[in-house]
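The chain that follows stands alone, in the form predicted on its own, written as structure tokens.
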Amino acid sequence: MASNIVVVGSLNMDLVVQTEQLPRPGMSVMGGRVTRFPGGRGGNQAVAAARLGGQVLMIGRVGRDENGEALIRSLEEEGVDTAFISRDPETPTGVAMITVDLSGQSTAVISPGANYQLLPGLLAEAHDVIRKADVLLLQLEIPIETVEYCAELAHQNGVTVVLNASPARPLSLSLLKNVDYLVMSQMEAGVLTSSPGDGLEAATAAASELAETGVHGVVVTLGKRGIYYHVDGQQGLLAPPAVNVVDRNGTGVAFLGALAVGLGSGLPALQSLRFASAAGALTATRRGLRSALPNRQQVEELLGEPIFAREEDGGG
């Protein structure tokens, strides 16, 4: 039986241009052709989870425009339930302007548009689907009051809450107490704690500090080094499988989608993290974002073993 995952988050149309190097402040660089891709952290993580076998429902908001229709179609083509994506009559669909260099590093500027109109008052009809979920997956590209509202509703009903603390911003203790798994980059962890900086020592300190707020599991992503986790009283560095990295743009998306699927399927936390790390690593071997996201069988092949019982495998 597939894990039941509800994603509440952003839906953006991504405008992507590749350059030889990312521009520094005050610097202009020449880029290639601009391409258009369906995106948004929420939408992308929903697709990642669906590819990996999750039964996924997306809650979001788009404009009544061509971009909004295209985003909904793209999710439906991936098997994501879009019944709770609403359309704003006045505000356009969100847009992200993304620059990617030859090494796969990227920067993004986001115009949130209708995403910032996804307010708690619009979610009354979605209460039951959130209450019945195995996992609620959240990010920070929608109003913070909506994130807090959904996390509290899910927590009160025993739903596992996974929060991707990105883009970086301070978070209230009242939100953190309703979060089971908090996932962020080292830079984002520095915003949330008194431990800014790079390196394993800073990641360890940040994870420990966040764990003291009551978060069940804290995960700090460290790029090619893997992840540092503080889960169930266990701490450690988990290195990803060795792969030929081509483009890291989709690694975080795949990691979050896989983590939600693992936890929602009842896998132990560390096994879910291992599955998620492999999904992220495999995504880095391909160019693009959604186009690079793997399915469950591909991740298990990279790991060299089945992670899920065969009778539960509905995600190919």
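Since the model is a prediction, treat every value here as computed from it, not as a measurement. A residue's number is simply how far along the shown sequence it sits, counting from 1.
As for the form predicted in complex with alpha-D-ribofuranose (RIB), it is not shown, yet the points below apply to it.
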Ok, 68, 40, 262, 53: which has a heavy atom sitting within 4.5 Å of alpha-D-ribofuranose (RIB) in the predicted bound form?
40
Taking heavy atoms only, is residue 44 within 4.5 angstroms of alpha-D-ribofuranose (RIB) in the predicted bound form?
yes
Please determine whether residue 300 contacts alpha-D-ribofuranose (RIB) in the predicted bound form, using a 4.5 Å cut-off between heavy atoms.
no
Any of the heavy atoms of residue 57 lying within 4.5 Å of alpha-D-ribofuranose (RIB) in the predicted bound form?
no
Check residue 278 for me: does it contact alpha-D-ribofuranose (RIB) in the predicted bound form (non-hydrogen atoms, 4.5 angstroms)?
no
Using a 4.5 Å heavy atom cut-off, which of 32-40, 254-262, 269-277, 59-67 contacts alpha-D-ribofuranose (RIB) in the predicted bound form?
32-40
Taking heavy atoms and a 4.5 Å limit, what residues of 130-144 are near alpha-D-ribofuranose (RIB) in the predicted bound form?
141
